[in-house]
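Next up: the same protein chain in two forms, each one alone, written as structure tokens (structure 1, then structure 2).
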Structure 1
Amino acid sequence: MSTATVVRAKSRRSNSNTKTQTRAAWFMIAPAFVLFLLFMAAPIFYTLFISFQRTKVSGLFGGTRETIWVGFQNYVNSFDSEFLASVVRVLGYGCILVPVMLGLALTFALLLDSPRTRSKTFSRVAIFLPFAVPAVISSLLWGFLYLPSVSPFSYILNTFGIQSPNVLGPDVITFAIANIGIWGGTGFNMIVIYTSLKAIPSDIYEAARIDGCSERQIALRIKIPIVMPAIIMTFLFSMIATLQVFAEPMTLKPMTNTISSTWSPLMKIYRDAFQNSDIYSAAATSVIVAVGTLAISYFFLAVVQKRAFGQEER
């Protein structure tokens, strides 16, 4: 038997091995795949489908209704002043939320990771706890703190003769909503960064200390660069969550005149679909928001990847 035949026989065996393996793999991912098709792909395609449609009624009370194709009309209509205003508003909200939340998360994570910090478990749980409170509940809680006549803060300020500011007024409403997001989101992001800090082998720190590095320099020069991928991931998630902010402004809405029903893009979709029973416009706007989110995420990763991960590859 020549070497060549042995090789061929081996490769044939491994070939059939791969085949059974492939089959097993398909079998195992099938449930997930079917669920994905049913509850992700199908709804997405259906949303696309109806975003090109509209119903037309005729007669005084809409005696007959028919569904017609309208091409890109729903998309064109979606780009109205309300939608653009909501996008601008949400961008402003993101400019407050993302840096503050991630800055706090990173600071807390570094503090918890520092050898001199006491009662770490308690602090970690305390910082994480707000994440476990559903957004609707936390918005209600904050709403009570914001409403001047029921807020304990206003009460304290008033006893000292200071006029309490209207936090739900038009000037600061964005901060008020971002504050709820920061309160709820910092803990989660801190845990993500802290976990990746824990994964750094301690001999790196030892080496640094021998070289005369202070704790602050270790944090700035060693820890932050190493956990950069985790920071980028949390940044990306926060950005997506920003574009999809919904529960907080929706819950605060009935308490104030300043939050309109189209405050954020998702609120506009919700209003169109469920209050104005116009699922066609809602579908078109949903597609726009989804595509926009995808584009921004992709662009962000493309820019950042070169900087953050480029060094390792070189």
Structure 2
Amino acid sequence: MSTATVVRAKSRRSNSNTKTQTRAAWFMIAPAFVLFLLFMAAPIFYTLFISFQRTKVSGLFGGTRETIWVGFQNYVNSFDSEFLASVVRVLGYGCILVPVMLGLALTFALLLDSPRTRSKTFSRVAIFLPFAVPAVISSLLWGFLYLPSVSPFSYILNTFGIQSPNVLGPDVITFAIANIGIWGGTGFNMIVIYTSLKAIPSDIYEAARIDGCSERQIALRIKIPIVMPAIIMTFLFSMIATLQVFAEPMTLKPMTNTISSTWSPLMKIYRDAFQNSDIYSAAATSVIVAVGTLAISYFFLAVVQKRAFGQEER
């Protein structure tokens, strides 16, 4: 058998193996791809489709109903005073939540990475555990702690003759909701940053200590700059979660009159879709929130990349 024949046989065998592996790969990802099309892509396109429609009622006593094409009218109507006020409230909520939560996450991660820290396993679990509690459950727990009639903190303050503050009042309700998000989200962000810290080679720390750096200097000048990509990622995730806040104010709403049905954009979407039966306006508002979230995320990443490239050129 000639050399050329052997080479062609090996080539055909290799191509056959490659095709077999390709078919196996497609077979394995097919269920996930089908589920994505059914439960992610299809609802998105359907929402986009109905956001350009509206139900027209003609005749007396709600006689004839027909679905008509209205173009961008639903989008124009979505920018009402309630929606703009909800956006402002959520931005204020984010200004409280994101810096405090990420600051605590970074602090806890640095403390756990310190060689002087003891009981690291217990501390990691204790800090991460609130993240495992569903948002609705944690909101209920904190809601009962906020209510003066059932709160143990109010009972202790009243015992000493101190009037307990109304945490669910209009002046501090944003802080009360942000506190729930901070309690539940700090652990997850801490784990992300702590994992990045553990990936740093120990030789860098040893060289810094030989040069006379203290643990504080190592944290500020070595650890934080190296884990900055992880901090940026957690900031992006936290910002997206802030724009989509829903469970916390929705759960606290029956406990106080200071949270309206349009406190956040998603609450307004829920009210329009399931209480006012206006699914077309809700669809348009959903698209606006999604596009706004995408735009803010893209702008933030563009600014970060521009600054990173500028520092590299220097």
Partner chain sequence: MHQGLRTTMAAVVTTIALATAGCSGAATTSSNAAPSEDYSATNPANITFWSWVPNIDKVVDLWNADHPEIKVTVQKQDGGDALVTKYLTAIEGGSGAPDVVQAEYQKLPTLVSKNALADLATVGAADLQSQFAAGTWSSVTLGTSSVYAIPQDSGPMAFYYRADVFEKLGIAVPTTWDEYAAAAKKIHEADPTTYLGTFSSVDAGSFAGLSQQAGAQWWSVDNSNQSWGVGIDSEATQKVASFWGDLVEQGVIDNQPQYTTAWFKALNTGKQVGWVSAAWAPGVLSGNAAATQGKWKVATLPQWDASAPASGNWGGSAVAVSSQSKYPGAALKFITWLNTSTDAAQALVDEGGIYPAATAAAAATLTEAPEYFSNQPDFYDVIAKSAETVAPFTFGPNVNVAYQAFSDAFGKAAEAKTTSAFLSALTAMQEKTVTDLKNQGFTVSE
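Residues are numbered by position in structure 1's sequence, first residue being 1. From a predicted model like this one, the values you see are computed outputs, not experimental measurements. Basically, rigid core = biggest C-alpha set you can superpose within 1.5 Å across the two forms.
- Here the chain taken from the form predicted on its own appears as structure 2, while structure 1 comes from elsewhere.
- Taking 2 Å as the criterion, residue 36 counts as shifted between the two structures: its C-alpha moves by at least this amount when the rigid core is aligned.
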